[in-house]
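In the form predicted alone, a lone chain appears below as structure tokens.
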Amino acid sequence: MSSTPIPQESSIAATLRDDILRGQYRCGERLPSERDLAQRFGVHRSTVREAFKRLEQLGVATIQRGGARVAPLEEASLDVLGHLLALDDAPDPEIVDQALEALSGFRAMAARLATERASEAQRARMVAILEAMMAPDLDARDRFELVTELGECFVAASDNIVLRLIARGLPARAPDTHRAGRFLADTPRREAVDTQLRRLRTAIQQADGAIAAEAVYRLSGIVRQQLREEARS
């Protein structure tokens, strides 16, 4: 079965989006004209016009009289984060750190609400995941899967529809889960990681949301520190 071809306007929009995110066009700079882009891609100008609309929906460009211009990155939608992290080039370490900082707060809140509101079955599952994460022979891939499942359990047990919506909007390659499995398994940090995992397990068992949130935030801090060190090396 042949795959559905990507619409031309989507392909053009993706190319321009990545050019913008790589800094080939500065904030406020005008993008190439509809005519120039139509010639470049071999399409009708109306196709380019639709591509500009997609960029505007993403928040990386604004359509003005006389053409489209690059918008400030901080005014873009959350969807742009996934594209930033998925660029072929290594993502900007500062952007990655800022993403982790924000996601750490989100996951800490989810952990707190989940710990306070979980059913007995949900609580038992979260504890089982944490105990599996502390197994000494667990490899990074399995640890990554457990980190992902634990995050999903937090969101589900939080019984908060807004957290569910935010979780759905997070990029699949969010850096804290994309690489956390390996980082949390690093031998030099294993003792600190296991200390926080034990604190989190006890907090969940005792329904202590404040301690659970603090433990999750500290675990995220370990990942952030590892990323900073990798960026400097």
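As the structure is a prediction and not an experimental result, all values here were calculated from the model. Throughout, we count residues from 1 along the sequence that is shown.
The form predicted together with a further copy of the same chain is left out here; the points below concern that form.
Looking at a further copy of the same chain in the predicted complex, residues S119, D142 and Q206 place no heavy atom within 4.5 Å of it. Among residues of the shown chain, A38 is not one whose heavy atoms approach a further copy of the same chain to within 4.5 Å in the predicted complex. Taking the partner from the other structure, a further copy of the same chain in the predicted complex has no heavy atom within 4.5 Å of any heavy atom of A124.
a further copy of the same chain is not shown here, but in the predicted complex it comes within 4.5 Å of a heavy atom of E214.
Contact check for A76: a non-hydrogen atom falls within 4.5 Å of a further copy of the same chain in the predicted complex.
Exactly one listed residue, out of R30, R198, R189, R54, brings a non-hydrogen atom to within 4.5 Å of a further copy of the same chain in the predicted complex: R54. Of the listed positions (M134, I95, A86, A156), a single one reaches within 4.5 angstroms of a further copy of the same chain by any non-hydrogen atom in the predicted complex, namely I95. The partner is not shown here, but in the predicted complex the stretch 9-32 reaches within 4.5 angstroms of a further copy of the same chain through a heavy atom at E9 alone.
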